[in-house]
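Read the single chain below, which is given as structure tokens and is the form predicted on its own.
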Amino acid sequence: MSDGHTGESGRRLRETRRRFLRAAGAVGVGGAAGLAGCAGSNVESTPESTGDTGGDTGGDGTESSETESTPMTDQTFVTPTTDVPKDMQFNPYGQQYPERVAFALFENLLYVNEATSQFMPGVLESWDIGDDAVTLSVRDGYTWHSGDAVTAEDVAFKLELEIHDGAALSNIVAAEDVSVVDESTVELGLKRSVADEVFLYSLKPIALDTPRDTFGEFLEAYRDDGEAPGLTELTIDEPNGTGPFRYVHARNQEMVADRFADHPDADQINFKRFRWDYLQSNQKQWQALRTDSVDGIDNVFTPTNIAESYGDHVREIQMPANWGMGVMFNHEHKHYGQQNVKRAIQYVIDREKLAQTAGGKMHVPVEVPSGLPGNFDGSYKDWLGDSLSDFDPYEPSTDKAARLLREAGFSKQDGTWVDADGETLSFPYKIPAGWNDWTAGGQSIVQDLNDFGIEASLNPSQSYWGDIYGNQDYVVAGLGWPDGKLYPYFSLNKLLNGFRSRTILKFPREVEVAPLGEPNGEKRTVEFESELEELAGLTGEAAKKKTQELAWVVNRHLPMAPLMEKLDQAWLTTDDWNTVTQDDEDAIVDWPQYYLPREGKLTAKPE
């Protein structure tokens, strides 16, 4: 069995984290000298009034007050939201669920540092992952905002609902194998053995946000009929949460939540309120930070010249996104489903120039297109090991690209590549409208392709997501290639076997590939579903070997062309707030303004 908190794996992940910090420093992290988080051990003292917001601080109606280290203040932390506050609905299975606001109102089952894949407790205090079953222990002291205690029954209820709804956990656990052992223990029977990281990441998106009195009828429907009609249409205006802040009101331009005194981490929080102001565009958020009308932003891409206009009291925290732009091919297209054409495009695009054009501070080029994230700190090399030199780095080479196209029957006429029927090799390169870095990067891509003789044009589209996932009206498009997680199973599964690969890319379910490092060797058939399922259960050297084999498939067949990887940018102000620098491990847990208060590392300065 494994435990979620200690051991050799934890030390290894911390080493990876340090590599990330060094790499991030090389691209401009560093920054302001740090005020250490100054919160100490809070002690409940004098009860005081709940204030003038009309909101109840919950439980017994009292609120902790001054302590020696973190005196209680009346301050409000103000941050933007791009969701219209009055339209927010707190049904996680509906269409208007405000995911960022939910970080304050609801407690996650666990949290993860994305630079290290290190998991920390949330509602779950600990976990033991065995070959056949997982035991989850619920942390004592959580309370619904209604005043009812959080129990193992609540956790089991949520997990069963998630499994019926088709969450990632459903690939590992059957709904009937969720059982309550006692008030603080849940046991899950496993369909098959899984690596710790694969199991824990399947819990990562899950928050305790479904009180049984509201969602009970839907779980009963799932149990009886396998379907829950009306679940997605359920509207919840005033949520019953479990997080450190309790809903007060949502209006046209703002939403407000007050500190919930009965949360087990409430003693770490010395400010009274969260407020979300509706600021839809990046430009409005940049202006709000510049004029000190917000105290922090969880994530907004900010060009260097804009960041330089902020005051010295505005602190940037960079977070590894484990995500970035790639070129997505429609494999049903007669040209772009061809391996030689995809490989030629990968050779033509100058990834170094692309990353600089998109914003070199926040983007790095993919060094070796293998489907593995970790280009900011080079951690992908740990997985490829000695096989790294066998992979094609696709360094820019128009000669190699031309040779591949000629082998596929294309020829160049009047400076443009055409197929055997004389049809031009061309496409509109579709990207989401309004994404500043992708627009700049897209111009670099189009220029490279046009210079080579492929007629590409940049096509920012307002209907982008509908066209990609709904109408599938695209030939070649820009889309994120990794899965946002550092552990390689997830990006490989996304590229080779996931919903997007099957339904959007229409990538084959199996391919022929020569052995790793032997491009001219006897080919074997790789069936993605079975091999990815195998990888999910492997650990240690066996996981490393299978990762290399599947990364090799990506390197040769390119279901997408991985181009660059990015950092996310969060912002905190320090004139009214004590907080940490990026050197603190907790600073890069999703997201600083929501996770740090739980740790006493984002506190209001005494007024």
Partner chain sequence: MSRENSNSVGAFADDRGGFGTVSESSLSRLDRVRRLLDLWIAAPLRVIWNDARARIGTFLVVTFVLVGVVGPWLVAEPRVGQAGLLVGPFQGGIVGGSWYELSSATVAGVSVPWVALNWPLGTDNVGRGILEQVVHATPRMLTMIASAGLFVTVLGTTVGAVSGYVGGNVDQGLSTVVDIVLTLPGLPLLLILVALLQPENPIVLGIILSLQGWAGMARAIRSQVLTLRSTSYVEAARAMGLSTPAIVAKEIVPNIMPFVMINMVNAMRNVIFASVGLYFLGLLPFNKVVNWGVMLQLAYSNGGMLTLDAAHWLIVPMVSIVLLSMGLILFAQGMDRVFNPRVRARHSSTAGDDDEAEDAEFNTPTTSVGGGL
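Numbering follows the first chain given and starts at 1. Just so it is clear, the model here is predicted, and its values are computed rather than measured.
There is another form of the same protein, the form predicted together with its partner chain; it is not shown, and what comes next is about it.
- Using a 4.5 angstroms threshold between heavy atoms, Asn305 counts as touching its partner chain in the predicted complex.
- When contacts are judged by a 4.5 Å heavy atom cut-off, Ala440 counts as touching its partner chain in the predicted complex.
- Although the partner is absent here, Asp390 sits far enough away that none of its heavy atoms falls within 4.5 Å of its partner chain in the predicted complex.
- By the criterion of a heavy atom within 4.5 Å, Thr210 is excluded from the residues contacting its partner chain in the predicted complex.
- Contact with its partner chain in the predicted complex, defined as a heavy atom within 4.5 Å, holds for exactly one of Phe410, Trp323, Trp286, Phe103, namely Trp286.
- Proximity to its partner chain in the predicted complex, defined as a heavy atom within 4.5 Å, singles out one entry of Asn330, Ser444, Asn91, Asn240, which is Ser444.
- Relative to its partner chain in the predicted complex, residues Asn436, Asp451 and Gln462 are all within 4.5 Å by at least one heavy atom.
- Heavy atoms within 4.5 Å of its partner chain in the predicted complex are found in exactly one of 351-359, 530-538, 151-159, 195-203, that being 351-359.
- Heavy atoms closer than or equal to 4.5 Å to its partner chain in the predicted complex belong, across 367-381, to no residue whatsoever.
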